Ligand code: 5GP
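Just the one chain here, the form predicted alone, laid out as structure tokens.
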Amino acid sequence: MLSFDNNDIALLRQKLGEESPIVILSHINADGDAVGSLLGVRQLISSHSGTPTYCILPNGCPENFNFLPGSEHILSADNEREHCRQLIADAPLIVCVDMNNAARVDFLADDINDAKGCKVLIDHHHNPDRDLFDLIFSFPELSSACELVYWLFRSLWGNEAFDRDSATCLYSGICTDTGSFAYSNDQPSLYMAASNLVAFDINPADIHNQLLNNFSIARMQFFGYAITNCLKIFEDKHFAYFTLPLDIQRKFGVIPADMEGLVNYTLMMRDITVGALIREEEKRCKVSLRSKYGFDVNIFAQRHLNGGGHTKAAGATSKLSLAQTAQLIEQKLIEELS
């Protein structure tokens, strides 16, 4: 089990027991860890105290996570912007999961910065914004925000606080952020948490099927096109990267959630140790970085892209054009891998 500061635990327990509305928030273009930790916290609070909770994602819940219990309660700030902004402004308590700073919620950043309520962070990314949050539970060595939520709420309320729904949400997030336990993670706590969650009769096989075999035909066709036409391989330098122009994304009708996992295909090649995906958006590009063996993409993202994340998985936002971003990443990877 993790060791938490007793004063922090006592303060969080007090805040969660005040029976005032709570806003739970995670990052834009939510992945499984974001959705799982968001819904896991909601279920834990609702079943323990009945306190009103509001779950907000900047651009809503990706369709492939609609199987998770409680997903129908997630508000999309894209669709209900004023309502969500008001909820954030009025909330006495704001719980942010799987995000380390306000920029991760994109157009809601100013609302989080200006909110007067107590802000709690539950996250596993490096460099949390200590000026923004009043109470921080940050453990970058953990596999996922969902794993952290499990250990944190077990410390708060004991193992009896969990049920099948909360366990399903948290186990699903752990699976997505570890590539179904395939990514490098040497913490025994990961497997202990997963084992304990499975004990709540969650049907892991069905969860894996929902996560891995639940995509549209358009997504599969897009992956095939991207691998054939958008992948540049530097076999002698041991890296590869995708560039995904906006017009190609529109041609196939894919959204950011549909592209989740594509970057991992770079590392399926035997001699590739670093992979990147550069996705064009309006007036910016989103970068995802992955690695195996000894290359630290978190340091690379910080050094060259003002981004960050984890040793084996990191990301960034670039204000350069798609071609300029690709040129920068290509040049810096050649330098660092030579």
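Note that residue numbering begins at 1 and tracks the sequence as displayed. In this text, all values refer to a predicted model and were calculated from it rather than measured experimentally.
Below, we turn to the form predicted in complex with the ligand, even though it does not appear here.
Although the partner is absent here, residue 23 is not a contact residue: none of its heavy atoms lies within 4.5 angstroms of the ligand in the model of the complex. The shortest heavy atom separation between residue 310 and the ligand in the model of the complex is within 4.5 Å. Although the partner is absent here, residue 42 lies well away from the ligand in the model of the complex, with no heavy atom inside 4.5 Å. The ligand is not drawn, but in the model of the complex it has no heavy atom within 4.5 Å of residue 119. Segments offered: 60-68, 285-293, 43-51, 268-276. Contacting the ligand in the model of the complex at heavy atom distances within 4.5 Å is 285-293.
In the model of the complex, the ligand lies within 4.5 angstroms of at least one heavy atom of each of the following residues of 309-330: 309, 310, 313, 314, 315, 316, 317, in sequence order.
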